[in-house]
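Presented below, as structure tokens, is a lone chain in the form predicted on its own.
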Amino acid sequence: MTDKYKSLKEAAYEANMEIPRQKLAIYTFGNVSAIDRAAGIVAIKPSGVPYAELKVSDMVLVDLDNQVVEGSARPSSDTKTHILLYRNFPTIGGICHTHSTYAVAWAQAVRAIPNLGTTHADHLTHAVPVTAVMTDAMIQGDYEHETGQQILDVFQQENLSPEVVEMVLVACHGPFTWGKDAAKAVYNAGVLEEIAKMAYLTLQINPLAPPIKQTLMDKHFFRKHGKNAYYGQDC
């Protein structure tokens, strides 16, 4: 392993191994990447390798032109999606894609996850957005690139900041999340799955449940985020 990128590969590996630990995907489903912004290098899970067999040395290094720069295995089939997000969301340091059950269910239903309560509001003040369904031409073209483009499009259309909304549902596919690093990207994937599950159960109990009121949503979000946040401990 190239010592220069050892820590990058380790970060990507540890984040990938958190997916099965948190039961966010089974077998070979899902992937996480981490980026070294200064070098323009991304470490990502190899395609189709079971988590039980995965090693740090298996992580594949690619550049921002989708070219493999280190590793004998093929990188994740979702690599082009990751690369497009890194190129267009310049503050993020890690990306996670899972097939977690409840988040996938909302994506397959092509429904944004409404903000119904304080657990959701603790993490974002918006619904979790869902992309449009791809056209046949997009599917038959550069599919993984178009997946990323669908994400960029919904963020532009809804005027969302990737620094504030760190998660999205790709219609008929599943969730992508990101964060300041790979570990935070997986953390957000776990949060998204819980939000998706809670919203599903809420609407089963009361299909007419309204969104959380604005004052309560703002209270929960801003006590954790921003200059006046007071949740947790000072570092």
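Note that this is a predicted model, so its numbers are computed, not measured. Just count from 1 along the sequence shown to find any residue number.
Not pictured, yet referred to below: the form predicted together with a further copy of the same chain.
Put simply, residue 67 is far from a further copy of the same chain in the model of the complex: not one heavy atom of it is within 4.5 Å. In the model of the complex, a further copy of the same chain sits within 4.5 Å of a heavy atom belonging to residue 197.
Of the heavy atoms in residue 122, some are within 4.5 Å of a further copy of the same chain in the model of the complex. Mapping the unseen interface onto this chain, residue 99 counts among the residues with a heavy atom inside 4.5 Å of a further copy of the same chain in the model of the complex. Taken together, the three residues 85, 92 and 159 lack any non-hydrogen atom within 4.5 angstroms of a further copy of the same chain in the model of the complex. Heavy atoms closer than or equal to 4.5 Å to a further copy of the same chain in the model of the complex belong, across 10-44, to the residues 22, 26, 27, 28, 29, ordered by sequence position.
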